[in-house]
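Take a look at this one chain, the form predicted alone, written out in structure tokens.
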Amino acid sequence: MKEIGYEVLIMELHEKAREKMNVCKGCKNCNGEVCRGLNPGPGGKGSGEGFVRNVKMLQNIGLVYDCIHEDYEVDTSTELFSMKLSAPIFVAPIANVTQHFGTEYNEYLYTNDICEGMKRVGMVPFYGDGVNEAFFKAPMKALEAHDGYGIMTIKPWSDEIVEMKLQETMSHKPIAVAMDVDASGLVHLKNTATPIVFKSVEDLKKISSKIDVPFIVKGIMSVEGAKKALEAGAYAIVVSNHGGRVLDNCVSSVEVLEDICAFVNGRMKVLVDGGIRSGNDVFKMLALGADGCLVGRPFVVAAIAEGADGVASLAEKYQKELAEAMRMCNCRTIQDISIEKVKNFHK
């Protein structure tokens, strides 16, 4: 990887991506302001406040440093899904990058690039799903080509479609399978040939019982939701408001994370996404109790800019920033990151 400053890296990736996109503006500060309501597109739903709030509320949390300690090297690695990861950072599941970002870069290139890039640095991608057959076939090709490397996210389709997609997914032996249950709020998918439906606890139990890999429920935004996912037998949840794309004026993931983690209390793994734009942001989420973080839009921009190299470069940037935050806050390992290491200015 090129040894350049973080800010220069981001500028280079965004400049290259902007030349290849005509919907997403490739803003250096990806905070949802410019693309408010641009959906289809990268923006949040309606006023776009859900996306904007994710970023804004995360910035209300500050790091509390303690730099009087032994001179040691920090270890950003962690174990999740029975594998050791170099850092608890994942690519969030996103599909239809061609339309949403306005690029000729297609689904097959994108899924392969996020797989290759993240595998290179010892981290893992989530793959997305959608109504177009290519949105499902692209992750299947990536899983086949890379020996099941990645986590497949299946939308809450009607039972027969979920069953079909589960069978094909499991034939490729993925690391885990997720369902983004909040995608049931994507109204434009409700009246299609592949309808989206709400899932009950019993529905999720059935899905969990049909797979022999960890099951993840994505789209949890309350303690009550976490309780239901636990009852359904989930290995992990993702605290997420779907990037602010399913409900306008919703709370941000960081605002509910601490309460959810306190309730879960180690009984499931807790992942989180929404507004994460640096290794410092990863540190904040871990301090509030999360086991790992998903990042979406920035990885799409990096992939459009430089393919797998862009994905790997951005992942390494986040990892190095996380290591710097850990060193300054006297955290030798991921397990040392605790609530005392951050201050919430609005609490």
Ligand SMILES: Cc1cc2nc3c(=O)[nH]c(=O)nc-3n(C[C@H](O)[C@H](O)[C@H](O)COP(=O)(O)O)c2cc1C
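The structure displayed is predicted, hence computed values, not measured ones. Residue positions are given as counts along the sequence shown, with the first one as 1.
There is also a form predicted together with the named molecule; it is not shown, and the following applies to it.
Proximity to the named molecule in the predicted complex, taken as a non-hydrogen atom within 4.5 angstroms, holds for one residue of G150, G117, P88, G243, which is G243.
With the partner omitted here, the residue from V295, A305, A312, L322 that has a non-hydrogen atom within 4.5 angstroms of the named molecule in the predicted complex is V295. Comparing 164-172, 267-275, 197-205, 221-229 against the named molecule in the predicted complex, the single stretch with non-hydrogen atoms within 4.5 angstroms of it is 267-275.
Within 4.5 Å of some heavy atom of the named molecule in the predicted complex lies at least one heavy atom of A95. For G128, a non-hydrogen atom is located within 4.5 Å of the named molecule in the predicted complex, even though that partner is not displayed. Although the partner is absent here, F136 lies well away from the named molecule in the predicted complex, with no heavy atom inside 4.5 Å. Contact between D180 and the named molecule in the predicted complex is found at the 4.5 Å heavy atom cutoff. Shown here without the named molecule, the chain has only F51 in 49-70 lying with a heavy atom within 4.5 Å of that partner in the predicted complex.
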